[in-house]
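So this first bit is one chain, no partners, the form predicted on its own, shown in structure tokens.
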């Protein structure tokens, strides 16, 4: 087996979710990630864990959602029970066709998201990680050969995460005590938000692999201004491009997209929290040096900022602070490499992709 696959599995088991003897582990992985699945099962066996696989199939999901009436979607209680009984959840993404569900009507995707919310919430209470196996479909989205994409993925994943944590801690120390953040990029983005009392998290590959971001939750009603998300995103199996959002009192009051605007509209209408921001993230993984049409990587890319519509993660919301709740959590990305800045309490802490602490270290 490729030693990079074995290294990937070891980082998942030992670093990301810290598997212990006797742990009951759910592994969600499609057939396209079989090599990583095999390596994971070997590592889990060595540590005396008890894994069970919950397989994923884009074709099967597509067939199911086409056949269902949106009003008939109900929570799969047996799936919820399995998650509630588990100690650890490992979720592997890999696709032979990333657009497999692209012709499913947006309202059906939204309905499915609503009924899946209790499962998502139960998953968040476990030791969990989401990661990517470099499958051919994902390489195609990245416009890379399979070999080149494999090298890209494992360079971003198989790295010294303690060193990455120390680098990102500089930004945590700036953002965690802050009151207000302003993001400016080009002519289309100028947005402010309060983070007063919220908690800044240092993502060094515990819940996301690759990691490489510092993130927090905005105060829900504090977001004001306009954002142009100039990098495409995948939502409901479709690519949405050139998203423009206008916020007033924390809520999206105007929106537009050059491509698949109806998908964006369906997301915003999912529930009350879907039209508010639940996350502000700053990408800091410099081994992710190109856009690959995969949010797991793109949101961690150095010289980017991302904002997520919908759910705020519980661990980023301070005591006595309101948490934005939603069945949706959709990340969207702003390029911060040129004509841009991040201000924290009126002080510029990043300009054109360079952090103030990097300038000091040079």
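Remember, it's a predicted structure, so these values are computed and weren't measured experimentally. Residue numbers count along the first chain shown, from 1.
This protein has a second form, the form predicted in complex with another copy of the chain, left out of what is shown; the following refers to that one.
- Proximity to another copy of the chain in the predicted bound form, taken as a non-hydrogen atom within 4.5 angstroms, holds for one residue of 104, 111, 82, 199, which is 82.
- With a 4.5 Å cutoff on heavy atoms, residue 64 counts as touching another copy of the chain in the predicted bound form.
- Residue 337 falls outside the set of residues with a heavy atom inside 4.5 Å of another copy of the chain in the predicted bound form.
- Contact check for residue 75: a non-hydrogen atom falls within 4.5 Å of another copy of the chain in the predicted bound form.
- Put simply, residue 286 is far from another copy of the chain in the predicted bound form: not one heavy atom of it is within 4.5 Å.
- Remark: of stretches 253 to 261, 203 to 211, 155 to 163, 82 to 90, the one touching another copy of the chain in the predicted bound form is 82 to 90 (heavy atom within 4.5 Å).
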